[in-house]
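In the form predicted on its own, a lone chain appears below as structure tokens.
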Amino acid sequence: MTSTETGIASIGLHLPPLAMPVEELASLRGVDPDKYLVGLGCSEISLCPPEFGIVDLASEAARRALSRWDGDLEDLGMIAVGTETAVDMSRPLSAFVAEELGLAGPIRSYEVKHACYGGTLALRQACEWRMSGAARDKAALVVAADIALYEQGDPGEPTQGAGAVAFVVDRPEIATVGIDSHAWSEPAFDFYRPVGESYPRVDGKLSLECYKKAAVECFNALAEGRDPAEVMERFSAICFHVPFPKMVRKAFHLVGEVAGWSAEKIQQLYSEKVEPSMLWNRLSGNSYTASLWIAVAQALQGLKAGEQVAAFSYGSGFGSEILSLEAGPRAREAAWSQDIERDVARRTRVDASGYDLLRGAVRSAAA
């Protein structure tokens, strides 16, 4: 089987039913809203009510992806879910998703964990499984889904969010996933959550340094000795994992500085290739494993067949990888964009007092 026969055949996305503008959180915390709006580049925080969880989020994204796929459920041979919002220390989230969708039989089912990098690993594994021939022409269902929630008053609170992206990996109707990629990893405790703790431990300064180093190493490897600016120009979009938009900006500017670009060239490429891909991320907030792939899903919509997208993935701990995608014949239809439009239009906005009540209800439900 050749690489051109494997890629993304269908996409589904899902955002939770609640959201709060970051201005409301600023009011609650007694800070200037521009600290969040400008300083971090955040806009809205996606929130989950107590009765709505990661299984609902992941399953609905998967259901939407499958509804747009031309194949049958019997044609699935793998379910892989990348997440750091596990609901069980042993049973994979893929089993919960399969149960919701009524999927059973000769299917490989498992969960992938590597912080925000887990969704990318799940997608790569599914593509490589098909490319190897081991899939015997079966398709894979890949889901990246997370709920990012921090302790109240934590510096990471304005970056909170939630979301899910699902792909059917089959013939590349939407996009071919390039067989070549470039990875970089180093052990680090920049962001982690010990067993039994409800919220992550974050070394913000170290996390930013790890993220920036990973971006430089991956983009340098992508260039492979060529002029990095010329390499970037061939992409219609350059997508990043988005912890918060300002973090992406800092990393991309460092990539440009290391490459020796002028400040004007860096800003031009950032404005044209990077920033436009983060619109949906500003509506979702950070969604960990789903964050990069929400950006990629936005960037793919409307592209002509053959146009290319770069995708830089980062997960604390840390691991990173950059890969490329090439738009297929159905990218222009962008059927998945209606998922975001519908979810954003239907969700309920929460104000500062409602947020306090919601966090109290979430704590009670978790107790």
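Note that residue numbering follows the sequence shown and begins at 1. None of these values were measured; they are calculated from a predicted model.
Beyond the structure shown, there is the form predicted together with ligand COA, which is absent from this document and is the topic of what follows.
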Checklist entry - Quick one: in the model of the complex, does every one of 32, 35 and 191 get a heavy atom within 4.5 Å of ligand COA? => result yes
Checklist entry - residue 312 near ligand COA in the model of the complex, any heavy atom under 4.5 Å? => result no
Item to check | ligand COA contact at residue 96 in the model of the complex, heavy atom, 4.5 Å | outcome: no
Checklist entry - Is residue 48 one of the residues lying within 4.5 Å of ligand COA in the model of the complex, judged by heavy atom distances? => result no
Next on the checklist: Within 4.5 Å, heavy atoms only: does residue 244 come near ligand COA in the model of the complex?
Outcome noted: yes
Next on the checklist: Give me the residue from 207, 181, 236, 267 that has a heavy atom within 4.5 Å of ligand COA in the model of the complex.
Outcome noted: 207
Checklist outcome for this item: None of 202, 283, 259, 131 but one has a heavy atom within 4.5 Å of ligand COA in the model of the complex; the exception is 202
Next on the checklist: Heavy atoms within 4.5 Å of ligand COA in the model of the complex: which stretch in 215-223, 169-177, 245-253, 131-139 meets that?
Outcome noted: 245-253
Next on the checklist: Using a 4.5 Å cut-off on any heavy atom, which residues of 127-161 would contact ligand COA in the model of the complex?
Outcome noted: 150, 155, 156, 159
